[in-house]
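Just the one chain here, the form predicted on its own, laid out as structure tokens.
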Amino acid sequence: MASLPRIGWIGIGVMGRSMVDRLISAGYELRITTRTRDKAASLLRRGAVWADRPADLAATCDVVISMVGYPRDVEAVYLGADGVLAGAGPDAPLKLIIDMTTSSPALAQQLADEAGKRNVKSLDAPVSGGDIGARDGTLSIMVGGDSSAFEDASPIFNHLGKTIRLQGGPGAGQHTKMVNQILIATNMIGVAEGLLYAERANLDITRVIESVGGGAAGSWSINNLGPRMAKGDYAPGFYVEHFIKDMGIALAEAERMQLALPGLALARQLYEAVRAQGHARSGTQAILLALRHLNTAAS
């Protein structure tokens, strides 16, 4: 039986921590790096090995996976002077890079091109499902890249997600994630407005969610984030500031394709208000606060 590939992981955030934990439990050897070593302490105790630089992962790992914040971070960890591809010399074991950050489709194509020059395969594989999906291994993983690279990565993906689809060539995973974020953005407005209506009508919000969540109005957001809104729980499963970043990428791509998306533009405006109220690092369900503030100011 072939041995499991050694995995390098970059970025230990809200979702990344649980994903690494699942891979350790599955028997993979993990080497990890992140900006703040303290964030990795629990995973190091679980047996993961620390690496000082992304370039060091290329010299010791067969596969490198990243989940960082912004496209600029993706560019730095792969293409920077200390980046993964800088360490991918002819004698390095690195065979595959997988960026699971929600990032730019154009950057995904650039990574694939640069990796290919070093005989390294590349996949863009953003995910949906938040902290719950990361913890339970039920993420939806949207993949762009070569079919052979997808086949190589599938055993790893199977420990992290439930719905795993190759969408096309480099960048196709990121484009699919933009579709996902567009759908969520406008849906979140409806979820928050519906619960505000229930609140103003003096209804039991939990009972309302139980009724509507199983009907035609049901969605992941109402069933998973609605209860958090009802409790006043704005802890992040996905950061507001990262959602704003995603909407910005989607709007830029839409403009490039000469596509008008007024609903997405409105959602981004509302989330900018959430950030201005000091909730950049709150969960996306904090949109309720912006709409509640709007109604308070109007009354």
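Each residue number is its position in the shown sequence, starting from 1. None of the values given here were measured: they were computed from a predicted structure.
Just so it is clear, the following notes concern the form predicted in complex with another copy of the chain, a form of the same protein that is not shown.
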item: Touches another copy of the chain in the predicted bound form: Gln109 (any heavy atom, 4.5 Å); value: no
item: Non-hydrogen atom contact Ala254 with another copy of the chain in the predicted bound form at 4.5 angstroms; value: yes
item: Leu264: touches another copy of the chain in the predicted bound form, heavy atom cutoff 4.5 angstroms; value: yes
item: 4.5 Å heavy atom contact, Arg165 and another copy of the chain in the predicted bound form; value: yes
item: Option touching another copy of the chain, based on a heavy atom within 4.5 Å in the predicted bound form, out of Ala153, Ala198, Ala92, Val120; value: Ala198
item: Segment that reaches another copy of the chain in the predicted bound form - one of 166 to 174, 111 to 119, 70 to 78, 94 to 102, heavy atoms within 4.5 Å; value: 166 to 174
item: Contact set, 45 to 63 vs another copy of the chain in the predicted bound form - heavy atom within 4.5 angstroms; value: none
